[in-house]
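Quick setup: one chain, the form predicted alone, written in structure tokens, and binding and motion questions come after.
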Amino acid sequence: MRLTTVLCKQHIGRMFKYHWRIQSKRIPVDTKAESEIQARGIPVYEPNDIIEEHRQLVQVTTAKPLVPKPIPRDLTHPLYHERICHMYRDHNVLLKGLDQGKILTKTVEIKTGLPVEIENLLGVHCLPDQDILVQRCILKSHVFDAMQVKLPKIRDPQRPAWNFPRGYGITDKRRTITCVALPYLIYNLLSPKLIQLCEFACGNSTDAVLGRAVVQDETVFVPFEKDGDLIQLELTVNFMLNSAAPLPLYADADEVQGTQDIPLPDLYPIKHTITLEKENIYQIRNVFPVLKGSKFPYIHTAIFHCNETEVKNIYETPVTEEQVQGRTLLKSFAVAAAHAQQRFGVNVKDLPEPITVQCVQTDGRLFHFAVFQLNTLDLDGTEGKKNIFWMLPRIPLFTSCMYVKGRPLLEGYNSEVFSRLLAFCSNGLPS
């Protein structure tokens, strides 16, 4: 075996470590200087006592914040009640849709479609170049609007973990408000350009202009008892057209009495309050946005916005057609019941006269037309006279409206939707 050359060197790093280990254990030598100084009456201080600045902390009382702290939602809350209240709000949908809504509101359908009186109004009023004007409104609300905000995240049920690129554009709510505003602008003089369109549509009638008023983005609160359960509806009315005279009744006294023989749907074993929010902290309120003594006290037509990014199932499943129809029914009932409680008292059960409401629910593309006649607020049980609901399936206003290769394109325009909106708005005008 060959021996390597001997290197007579030392490892400096090892020597430094050894030196630090030895020096760290050295004991300072007591020179007795401190004792000599103290013996001569000279005070001795620690260096930190002289270098450090001693500050006296003063407690400062701060003013109360402008925004008070939220009250804990527990038993100490001032609005806490032992009895549970079932809440239905704008983002809720009923599990069983229309059938569950019929049971909650004690409502039946006596025929398919809308009343004959409304069907006869189709085509009575029209505008010159009506389809062109409506298509301009659609393009303005879906394509030409300058709003550019971050849109909600795109979700794919088949790929729940997949992250899609975030899109920017016009929100669903803005599209719907811009789109459904056209017929209301026609009848309320909100735009000088559309005054002439109103005159063209209504002929010589001045009631369409002077006998109507619009209420926008107001909330109605309707509490009621249903088979021992306390339920409160807290819903928003995006557009409500009021008139100086009530709408005519579409079901006479004989038809109302005939509703006693029409059975309600059977949801057994499901209870009618399923998917309603149960809360112990609530406030019972009866709210209707139109004050008593108003010049236009009667409800004519109500339009509701259905935003697919806000209206959801609690089980994260897609909202079905039946659930959209049930939402229209509950919103129609809420508006009519709030109006009845204001006119006849909050404890009224048997109405002196029925109340009729026309309703439209839309997401900006699909329109759901319905008519609701409130006959009673005695909602317990399944016997006795019932409320009546007429409706049509949802009708698409168009198929698609978007930019295609940099050009705005509107496909599948359906003129029936605006004709029905115009028939709803012209209902009640003198012929």
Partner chain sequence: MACALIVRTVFRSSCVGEVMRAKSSSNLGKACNRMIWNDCPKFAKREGRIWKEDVPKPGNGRSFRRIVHYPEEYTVQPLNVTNLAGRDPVTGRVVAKGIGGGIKHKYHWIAWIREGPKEGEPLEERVIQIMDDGCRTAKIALVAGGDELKYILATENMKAGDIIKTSAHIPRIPVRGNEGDAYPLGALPMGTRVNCIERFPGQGGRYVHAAGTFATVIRHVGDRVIVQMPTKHELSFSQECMAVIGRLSNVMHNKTPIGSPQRLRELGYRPRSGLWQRKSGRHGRKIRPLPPVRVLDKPPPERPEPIVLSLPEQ
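Take the two forms, superpose them, and find the largest set of C-alpha atoms that agree within 1.5 Å; that set is the rigid core. Residue numbers count along the first chain shown, from 1. If you're wondering where the values come from, they're calculated on a predicted model, not measured in any experiment.
Keep in mind the form predicted in complex with its partner chain is missing from the figure; the text below concerns it.
- The closest non-hydrogen atom of residue 160 lies within 4.5 Å of its partner chain in the predicted complex.
- Contact annotation for residue 275: at least one heavy atom lies within 4.5 Å of its partner chain in the predicted complex.
- Proximity of residue 317 to its partner chain in the predicted complex falls within the 4.5 Å heavy atom cutoff.
- Under a 4.5 angstroms non-hydrogen atom cutoff, its partner chain in the predicted complex lacks residue 212 among its neighbouring residues.
- Exactly one of the stretches 265-273, 217-225, 106-114, 344-352 approaches its partner chain in the predicted complex with heavy atoms within 4.5 Å, and it is 265-273.
- Comment: its partner chain is not present in this chain, but in the predicted complex one of 43, 28, 406, 70 has a heavy atom within 4.5 Å of it, namely 28.
- The candidate spot formed by 77, 80 and 81 lies out of contact with its partner chain in the predicted complex, as no residue has a heavy atom within 4.5 Å of it.
- Annotation for 292-307: no interface residues with its partner chain in the predicted complex [heavy atom within 4.5 Å].
- In a rigid-core overlay of the protein, residue 144 has its C-alpha displaced by under 2 Å between this form and the one not shown.
- Comparing the forms between this form and the one not shown, the C-alpha position of residue 128 differs by less than 2 angstroms, with the core used for superposition.
- With the core held fixed between this form and the one not shown, residue 91 has its Cα displaced by under 2 Å.
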